[in-house]
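Consider the single chain below, provided in structure tokens and representing the form predicted alone.
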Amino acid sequence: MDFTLIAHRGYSSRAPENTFFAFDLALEEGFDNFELDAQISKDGHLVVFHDDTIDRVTNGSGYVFDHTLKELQALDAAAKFKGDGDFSGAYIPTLHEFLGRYAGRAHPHLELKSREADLPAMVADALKTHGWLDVAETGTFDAPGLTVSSFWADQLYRSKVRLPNVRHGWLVNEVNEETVAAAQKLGFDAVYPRAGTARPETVSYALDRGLSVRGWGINDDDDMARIYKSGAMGTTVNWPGEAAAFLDSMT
């Protein structure tokens, strides 16, 4: 069974999330699919960052959208990381930096994190600028390749209209008849349920209707086993190396 492990915010259990340390480590360890988050700074730059606020990860405080790019990139993006290693110089990258660095080498699963209506268009322009649309129609998890995702159906729809040939996956709490129908109506290519809600019958229902399925929200081995046994095609996970060893032990 093919099952792809997607390094969540890079190899984020072993390096500071959404930094080049984490993404580079994922590639070095053989995980060329990784997830990242995009939102907009106060002065209109696309930055790779997950939370609404900078408090949990950095040595700063406040909302991302209240800080300029210069202010954000002056922060220590490894300030709150509890793992081992020297991560001196870790900073919040721009999306343009990310796309230039990994062009031709990876399959980013790019999540539209924030709600600004301009975000999908700005991301689409960045992808075009860096040539990522050239790999948009490769296989579901091929690298190089490209996927856009979001929890926000309106954001994902705005993106799909602009990038019709790019794979778009809707992050949902669970797959059911309603979410599958909505995904099909909006023209999405995939539905991504929380791993703890995945069931073989609902995953099969989505797959039978032409949608690809992968999981998110892996907290432990039970979640990993559940999403794997559900028939999904992969999942994001903070600890992809350990997850690969766990799946090997199951087969």
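Just count from 1 along the sequence shown to find any residue number. Computed from a predicted structure; not experimentally measured.
Not on display, but discussed next: the form predicted in complex with a small molecule.
Student: Looking at the partner-bound form in the model of the complex, is D37 within 4.5 Å of the small molecule by any heavy atom?
Tutor: Yes.
Student: At the 4.5 Å heavy atom threshold, is H50 in contact with the small molecule in the model of the complex?
Tutor: Judged by the heavy-atom cut-off of 4.5 Å, H50 is in contact with the small molecule in the model of the complex.
Student: I'd like to know whether R167 contacts the small molecule in the model of the complex, with contact meaning heavy atoms within 4.5 angstroms.
Tutor: Judged by the heavy-atom cut-off of 4.5 Å, R167 is well away from the small molecule in the model of the complex.
Student: Using 4.5 Å between non-hydrogen atoms, is F31 touching the small molecule in the model of the complex?
Tutor: F31: no, not in contact with the small molecule in the model of the complex.
Student: Just one of 239-247, 21-29, 8-16, 225-233 has residues with a heavy atom within 4.5 Å of the small molecule in the model of the complex, so point it out.
Tutor: Only one stretch qualifies here: 8-16.
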